[in-house]
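One chain follows as structure tokens, the form predicted on its own.
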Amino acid sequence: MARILLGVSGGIAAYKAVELVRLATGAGHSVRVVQTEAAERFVGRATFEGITGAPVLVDEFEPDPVRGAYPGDPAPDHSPISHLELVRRADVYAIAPASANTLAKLAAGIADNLLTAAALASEAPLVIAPAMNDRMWSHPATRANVETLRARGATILPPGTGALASRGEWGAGRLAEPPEILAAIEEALRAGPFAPRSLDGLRLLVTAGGTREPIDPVRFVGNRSSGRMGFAVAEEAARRGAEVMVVAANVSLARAEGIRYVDVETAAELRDAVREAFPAVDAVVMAAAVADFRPAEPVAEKIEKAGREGLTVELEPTVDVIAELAAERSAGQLLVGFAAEHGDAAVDRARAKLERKGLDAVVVNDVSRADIGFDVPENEVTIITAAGEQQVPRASKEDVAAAILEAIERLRAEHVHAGGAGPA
């Protein structure tokens, strides 16, 4: 689901924004709210905070207690300019209601409050739902401002016709109904942003799932990986603008539009698919659980149980795919590995893996816990890079994927600054 930043400007229709937030959170979206000072005269912060579970901001200079994070997100491990971080993370920025004054400021690029400053800093799709008196709505200045914003790519929901705030008045100016506004927000998300996204131009290869190494045609050596984590990384990367290919090892999850999928079964098949794609990509996230061993001599026909007292299977090691990639990569290619570890020394073992294999990052999780990791919707990881460790508290795999991709964005920036060199 999406991160929605909602701007609420002053006007009696602000009460409808409460229902919009309720519908959006009920649909699974994470919502943060920014208000103008005038909006607070109609609906207080506490109302929005109670529904979203997140602080509401009004002033550009007030600190955000969660440093720009949305509900369900891990908070940044530093102290960014909080309202800019709030904007950067947003998938869509909706302003409802948008007063005539706010429309004028948006059209002119004026950023004299938090709501309008956020609009100027935002690269996300912009959805605007105006609400005002009918004479203000029909004024040539307002109409010109609306057309200016529409020409820049904003989605405008024209106000409806009906009873207005002033007693006895009737006309065009009523805020669109909350279900209509939410539908427009979700359509804007599907259509994609009108401004560059953080991973535009990145070619990303993701592996997901778990390999199966045959003993005979019906039995195999495998693991419990469902592919949820890898698919979440792929979908979040595509949402951020990346061109994504997924090598899926025995994954039965739904496939997202716009992502290329290659299905494989064994470690050897995964290796071949990854090696073929590797020269043309900028980054690899190896989230698949690739078997370390396989039966040395798989049997072509089903092994019959009848008359057997036992079965001995000799195993041989598989190829370390990510180590091969590290040895062959070009300058600037990023490699992110996963480490399913067990127990107290998990992070130490993962850091040794980072250094031994020459990776840019290792994402480690403790598989001794039944509530995270394999085949469950949540995870809790530590992202290890040469610069240090970032702990991502237990969250949905979609939110963990966002944290992983934010780490990749930082690594990309570091590589560009360093001239494209990989780790020593």
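One-based numbering along the sequence shown. Please read these numbers as outputs of a predicted model, since none were measured by experiment.
Absent from the display: the form predicted in complex with a small molecule. The rest refers to it.
S.K.: Using a 4.5 Å cut on heavy atoms, which of L175, V146, A242, V321 is close to the small molecule in the predicted complex?
M.R.: Spelling it out, the residue with a heavy atom inside the cut-off is V321.
S.K.: Counting any non-hydrogen atom inside 4.5 Å, which residue from A326, A291, A154, A90 sits next to the small molecule in the predicted complex?
M.R.: By the 4.5 Å heavy-atom cutoff, the listed residue in contact is A291.
S.K.: Looking at the partner-bound form in the predicted complex, is F338 within 4.5 Å of the small molecule by any heavy atom?
M.R.: It does: once the small molecule is placed as it appears in the predicted complex, F338 has a heavy atom within 4.5 Å of it.
S.K.: Please determine whether K357 contacts the small molecule in the predicted complex, using a 4.5 Å cut-off between heavy atoms.
M.R.: Heavy-atom contact with the small molecule at 4.5 Å: present for K357.
S.K.: Answer yes if any heavy atom of M286 is within 4.5 Å of a heavy atom of the small molecule in the predicted complex; otherwise answer no.
M.R.: Yes, M286 is a contact residue.
S.K.: I'd like to know whether K353 contacts the small molecule in the predicted complex, with contact meaning heavy atoms within 4.5 angstroms.
M.R.: It does: once the small molecule is placed as it appears in the predicted complex, K353 has a heavy atom within 4.5 Å of it.
S.K.: Counting only non-hydrogen atoms, choose the one of 291 to 299, 247 to 255, 183 to 191, 198 to 206 that falls within 4.5 Å of the small molecule in the predicted complex.
M.R.: Going through the listed ranges, the match is 291 to 299.
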